[in-house]
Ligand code: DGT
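Only one chain comes next, encoded as structure tokens, the form predicted on its own.
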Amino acid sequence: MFQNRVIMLADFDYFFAQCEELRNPAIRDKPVVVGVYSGRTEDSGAVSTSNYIARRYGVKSGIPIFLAKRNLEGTDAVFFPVDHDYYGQISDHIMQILSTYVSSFEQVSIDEAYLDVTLQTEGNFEKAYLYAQRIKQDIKVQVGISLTIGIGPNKLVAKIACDSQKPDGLTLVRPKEAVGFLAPLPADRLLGVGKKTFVRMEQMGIKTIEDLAKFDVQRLIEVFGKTLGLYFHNAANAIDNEPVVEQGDAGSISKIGTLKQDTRDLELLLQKTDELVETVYQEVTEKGYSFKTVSIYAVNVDLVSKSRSFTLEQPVKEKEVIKRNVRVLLEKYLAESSLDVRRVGVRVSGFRKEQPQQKQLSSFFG
């Protein structure tokens, strides 16, 4: 349909430390360190993440906590143990919002997700830039967390674009710019080029991604094997056809739409949700799923998002079940809120059939 895919990678900036800043705004101007404590002594363990103020003192992920404390001696630094439950709640909220903006959504970690926005932007990268700004602003307003987003014609380019400007960054790489964008970077910026592989590449005269792109592909295959050799050649030339897909189970399928006017009129809301249900149901049936959970998602005029869900006892396949439960959930939501609704969404989840697993290049580097 569109000549180019438009892929984003959203990365939540210094996520664990930023969550702690969100919980306690008074520490925003201080060095913040989140660590995994071993419990052997008060300072034993390793840094999980730190905010950018702490990073100026050489505090980064993986260094011992005692060393981080030594580097930050004399400052008003604050240290926290990892709080997975709290960070998970924040992550789930952000992921829920992100998934409503896209056709395909792939969460790759607690603080990273790929977004396929080709349909939403009509394959237009200028529209994608504005769309990413909107996503960043939406998350900032609703959750209070800043994101960095990289935009490219595929996952590989989007990932490296995202890494190039942090925190709170937004980097756009158009298809015609992709090869040139990658060219001057060291070859180990590519997924799969670890320390040993990079040393071997340097021995072969390969230092940059441009060097790798121009290197004889048959020689790469001889040295690294067919799979990796071809991957290195394609990646260096900004070629990556790996799709954005849900990981693990089938996840959820959702669509969200903006209303023509802000309203809390049930029938006007149902007109929009009925349209969304048609799109969601088509995707559900195409994939052969049955589902157990129906959810609605509403963004009020104050830009605060709310969701309501209903889980059935047994998986079902009928479209009318979605519509019926969407109506009940909307009625319940309107009874609880006095604000007009600006955007409304429909989601189904709890799928019985698992999505077919495609072998991805990233699986070779696990």
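Residue positions are given as counts along the sequence shown, with the first one as 1. Just so we're clear, the structure is a prediction, and the values are computed from it rather than from any experiment.
Beyond the structure shown, there is the form predicted together with this ligand, which is absent from this document and is the topic of what follows.
- For a residue to qualify, one of its non-hydrogen atoms must sit within 4.5 Å of this ligand in the predicted complex; none of 252, 275 and 347 qualifies.
- Only one segment in the set 306-314, 65-73, 49-57, 326-334 has residues whose heavy atoms sit within 4.5 Å of this ligand in the predicted complex; it is 49-57.
- Listed residues 189, 140, 287, 166 were compared with this ligand in the predicted complex; 166 is the one with a heavy atom within 4.5 Å.
- Contact check for residue 15: a non-hydrogen atom falls within 4.5 Å of this ligand in the predicted complex.
- In the predicted complex, at least one heavy atom of residue 111 sits within 4.5 Å of this ligand.
- In the predicted complex, this ligand lies within 4.5 Å of some heavy atom of residue 11.
- Contact check for residue 61: a heavy atom falls within 4.5 Å of this ligand in the predicted complex.
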